[in-house]
Each structure stands twice: as C-alpha cells, then as structure tokens.
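The chain below stands alone, shown as structure tokens; this is the form predicted on its own.
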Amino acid sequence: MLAYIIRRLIGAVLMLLLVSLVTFGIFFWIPKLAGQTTDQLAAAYVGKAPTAQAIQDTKERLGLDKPVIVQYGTYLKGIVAGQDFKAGPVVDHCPAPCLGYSFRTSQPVLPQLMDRAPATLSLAAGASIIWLAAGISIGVLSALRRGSVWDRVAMVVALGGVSLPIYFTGLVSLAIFSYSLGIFPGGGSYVPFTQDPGTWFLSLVLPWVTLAFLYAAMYARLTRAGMLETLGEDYIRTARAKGLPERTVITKHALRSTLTPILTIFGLDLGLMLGGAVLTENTFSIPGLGQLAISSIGTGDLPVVLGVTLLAAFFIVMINLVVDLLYAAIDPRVRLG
C-alpha cells in the first residue's frame, strides 16, 4: 500500500509539472507564435497611454524580456524556493510555494487563491453531499422499481436536470425562492462561515441545490443503469438462492459493484468543482475561485489564471488518488499493487 501511494504521489508531481508546462506554454509562448511581440504584451499592463520607458520597465519588472523557457524555470523555482519580485524601488520576497505575482495588482497569487478557496470549498462540499446521496438513492430505487410510476417520474426529472443549464435553474430558483417568496437571501449575500454561520448556510442553500440538481440527475441515471446490470449477474442470483435477505443482497453485493464507476466519476467531478464552479459562482455572485478565474481572464492577468489552473489540477490529482485508495474498501476484488 505504501509503495502504491509513493508511486501515485510521484506520478501526481509529474502530472502537475506537465500541466504547468502546457499551461505556461499556452499563456506565454503561443501568443508569441501568433505574432504578438513582448512590447505589445507588456503594453497591456501599463495603462491607456504607455510610453516606451514604461513598457521597458514593465517588461523588466514582469520578466517578459527573458526567453519563455527562462520564465518557466523562474516560475518553477518560485514554487520550490520562493521568488523575489521587484515592485518599484522595493524588492518583495514571495516565500515558497510562490505562484508568482498578479500582473494587475502586483500582489502574490497564492494568498488571493487562499482567500477565494473557502467559498468554493463550501459550495463543492455541500453540493457534493446532496447530489451523491440523492443521486444514488434515486438511482437504486428506480432500478428496484423498474417500469413503475416512480421510475418513470424519477427518470423524467433526471433528464430535465441533465438538460437544463445551471444558469437557468439558478436564475429560476433565485426568482422564486429569493425575490418572490423571500425564503432565502438573494445573490451576493455569501459571507464566510467564521463571520456568520447562519447567513453562510442560508446563502448557500440555493447554490447547493441548484448545483446538486444537475449532478444528482446524472448520478441517478448512472446508478440505475449500473444496478440493473448488476442485478442480472449470476452472483446476485446465487446470493438470493442462498436465502440472504434482500437488503443484504442489494447493499452488500449489488450496490458495491455499482459504486465503483460512480466513485471514479465522483472524483473527477469533485476535483473540477474545487477548481471553480464557474457558472454557479457567477449566477449567485459567490466570491470563489471560478469567479476569480473569469475576472482574471477578462483582464488578462495570466499569473492568476495559471494559479487557478494549477490549483484545480492539484485538487483533481489528489482526489483521484483518494478515490483509487477507496476502491479496495468498496470492492474487495480490487487490489492495489
């Protein structure tokens, strides 16, 4: 088990290096291939009337006058050992792990990400609990009552959940439950848990349900299909023939096999969610990583966009490592080697 974890951690580091290389190349190398000069890139961060001296100073300050491979090496060095950043006459030291400085605000990127991460974590954690519990429960009941009214209604609702975009269901829920009935606060009311737990909870109920509605619908359909396939297996018939209670057959034998692919997809979905539920955060004005990524893309703040991308990749890699370790617990046929 320990050797397996070490191998996966080494693989995770290599994967993050590859993601950082590709992302850095997309942001800093491809514009040059497309014909954009270093002066044009630097001018975007100077102001409305950039002078030649201001452009030259900006290039030196941001390191844009160096080859891309050198900039990438400096970026990696900052993650491992920290980085010095020249802000006017003052030299600022960014301690490791340093994800660079914002081109727009001249502030370190990592603290900005850490300020936004709690909002995204709150959104992802609550929504994932709802969608996992609701999706699996509905899928199992639909499979056990195949062809019944419950099954048909549940699958129609699930189809609606998969088909409707989040910004539509989010705006409809806001119009009904916030602005018409006044049950929940409107968009932009998010406050940190440490500041006011009650307001924090109420402000996230609609985003949780809206986000969970989409994913629960997908998981219900996947669980139903998996359960129907598993219930037809020989070992399920054998278990029933041995006289095991139906609850034991369903929960101990059928559901375990069904959960293995569900767990794989859950790991990917949760990792992507932690990278920033962009549409949900923008619909409900939640100051999370997704909203930060959108605003940074709009202003061309490449270090912040790169930081959000790497953080999302880190979450995905780590969660998938945990998912792989959980395989053996859920399905005894899986062995980690």
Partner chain sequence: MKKIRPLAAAAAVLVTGAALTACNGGSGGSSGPGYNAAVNKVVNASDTKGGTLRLADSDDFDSPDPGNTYYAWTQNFARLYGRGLTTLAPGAGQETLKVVPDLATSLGTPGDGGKTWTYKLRTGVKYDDGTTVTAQDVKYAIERSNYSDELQLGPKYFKAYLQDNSPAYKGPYKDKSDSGLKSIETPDPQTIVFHLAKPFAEFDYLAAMSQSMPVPKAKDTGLKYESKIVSSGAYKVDSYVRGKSMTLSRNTYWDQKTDPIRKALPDKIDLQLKQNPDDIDNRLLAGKLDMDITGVGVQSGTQGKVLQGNQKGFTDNPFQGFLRFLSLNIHVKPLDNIHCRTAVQYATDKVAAQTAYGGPLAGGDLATTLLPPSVAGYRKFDLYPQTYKKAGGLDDATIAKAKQELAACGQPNGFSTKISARSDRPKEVAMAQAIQQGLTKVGIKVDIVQFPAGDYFNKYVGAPKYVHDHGIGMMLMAWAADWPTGYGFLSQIIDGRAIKPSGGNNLPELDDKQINDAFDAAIANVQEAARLKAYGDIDEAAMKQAVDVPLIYAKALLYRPKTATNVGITLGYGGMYDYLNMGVTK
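Keep in mind that what you see is a predicted model, and the values were worked out from it rather than measured. Positions refer to the first chain, counted from 1.
Here the subject shifts to the form predicted in complex with its partner chain, a form of this protein not shown in this document.
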>> At 4.5 Å by heavy atoms, is each residue in G135, S203 and V322 next to its partner chain in the model of the complex?
In response: no
> Exactly one stretch in 239-247, 261-269, 136-144, 153-161 has heavy atoms within 4.5 Å of its partner chain in the model of the complex; which is it?
Replying inline: 153-161
> Taking 4.5 angstroms as the cut-off for heavy atoms, does G188 touch its partner chain in the model of the complex?
Replying inline: yes
> in the model of the complex, does T194 have a heavy atom within 4.5 Å of its partner chain?
Replying inline: no
> Is there any non-hydrogen atom of E233 lying within 4.5 Å of its partner chain in the model of the complex?
Replying inline: no
>> My question is simply whether F85 lines the interface with its partner chain in the model of the complex - judged by any non-hydrogen atom within 4.5 Å.
In response: yes
> Of T74, Q107, S257, S128, which one comes within 4.5 Å of its partner chain in the model of the complex, counting heavy atoms only?
Replying inline: Q107
> Does any residue in 55-83 get within 4.5 Å of its partner chain in the model of the complex, counting heavy atoms only, and if so which ones?
Replying inline: D57, T58, R61
